[in-house]
Ligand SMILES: Cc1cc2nc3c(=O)[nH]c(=O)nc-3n(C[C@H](O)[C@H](O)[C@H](O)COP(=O)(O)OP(=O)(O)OC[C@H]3O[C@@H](n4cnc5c(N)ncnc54)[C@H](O)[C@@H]3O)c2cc1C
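In structure tokens, the next block holds one chain alone, the form predicted on its own.
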Amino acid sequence: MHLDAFDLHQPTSVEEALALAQRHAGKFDFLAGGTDLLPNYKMHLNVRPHLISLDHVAELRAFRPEAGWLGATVRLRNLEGSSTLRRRYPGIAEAAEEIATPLVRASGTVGGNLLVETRCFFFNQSYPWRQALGFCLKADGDQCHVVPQKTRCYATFSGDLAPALMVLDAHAEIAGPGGRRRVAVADLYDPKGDGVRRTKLGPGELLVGVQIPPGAEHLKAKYSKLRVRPSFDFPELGVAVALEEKGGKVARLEIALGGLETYPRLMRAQTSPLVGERLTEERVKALSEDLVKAVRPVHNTFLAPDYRRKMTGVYVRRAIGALRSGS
């Protein structure tokens, strides 16, 4: 495997990065930690002739956990190692320390994990392997091999931070040709898209950072992850839960799931009816069963879809139990 030649640009401001993005529209990728993008380039997956490095843009490196601000190029190891973040937002710290390996977390970034490429048996392969098969809809081909058809890619979302941020109602700040805007992390992803275009970022737009809202630090929160090799694998299932109880009843309950479908999902349709109710063992069991019915994993990762669905209920019950017991 080798990297083909590309032009590397090193802007020092968000505005300069956006100008470069406009100049090289359709022919560039933003480069942060590079822990996912560069291995894909070595596999000749959707290579662009221009890379716009974000490493020298100071604004993107801002890390203010006491104010709930995580810049897009903050290293994952900073999240993992921050006592302030762990005290205020334990679910985010848990998600960060579950990502890959210490070496990857030293380079990988907040924005990189939120916008990480989706993964699939038929996509994450060498060029000769994919060529022999006939390529796929996500790279070089015109057909999905997971669910055979030519309109939608079923590669699986493989990030960990998104579910942990979703349950806290965090918002992403996005800069682009039209100015800056904020959107809920839960709305950053495109559930109605073709699966190749993963997010609702417009052409030339850049993720600046994430703002966690005031009051989120009072929620009990937890993140748990199912994977084949606990030392470094991508999630086969990621479960984030945030809970607030008052007078023994649910004041707020949020659950977000990753690693199952093409995008991470905030499961409010299943959790909203529990507000004002007591979380009895029967209600938690019914909730977990509703979640199992709602998710639709496909067979494009190591573990079977039925197993991942069943483990969704198990992990949700465990997480809620841990939050209520304080463990």
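What you see is a predicted model, and the numbers here were worked out from it, not measured in a lab. Throughout, we count residues from 1 along the sequence that is shown.
The form predicted together with the named molecule exists for this protein as well; it is not shown, and the discussion that follows is about that form.
In plain terms, the part of the chain that comes close to the named molecule in the predicted complex, with a heavy atom within 4.5 Å, is 194-202 out of 213-221, 194-202, 246-254, 82-90. The single contact residue among 188, 99, 168, 237, judged by any heavy atom lying within 4.5 Å of the named molecule in the predicted complex, is 99.
Residue contact with the named molecule in the predicted complex: residue 227 places a heavy atom within 4.5 Å of it. The named molecule in the predicted complex is approached by residue 29, whose closest heavy atom lies within 4.5 angstroms of it. Interface membership of residue 232, defined by any non-hydrogen atom within 4.5 Å of the named molecule in the predicted complex, is confirmed. Contact between residue 34 and the named molecule in the predicted complex is found at the 4.5 Å heavy atom cutoff. Within 4.5 angstroms of the named molecule in the predicted complex, the stretch 68-92 places a non-hydrogen atom from each of 72, 76, taken in sequence order.
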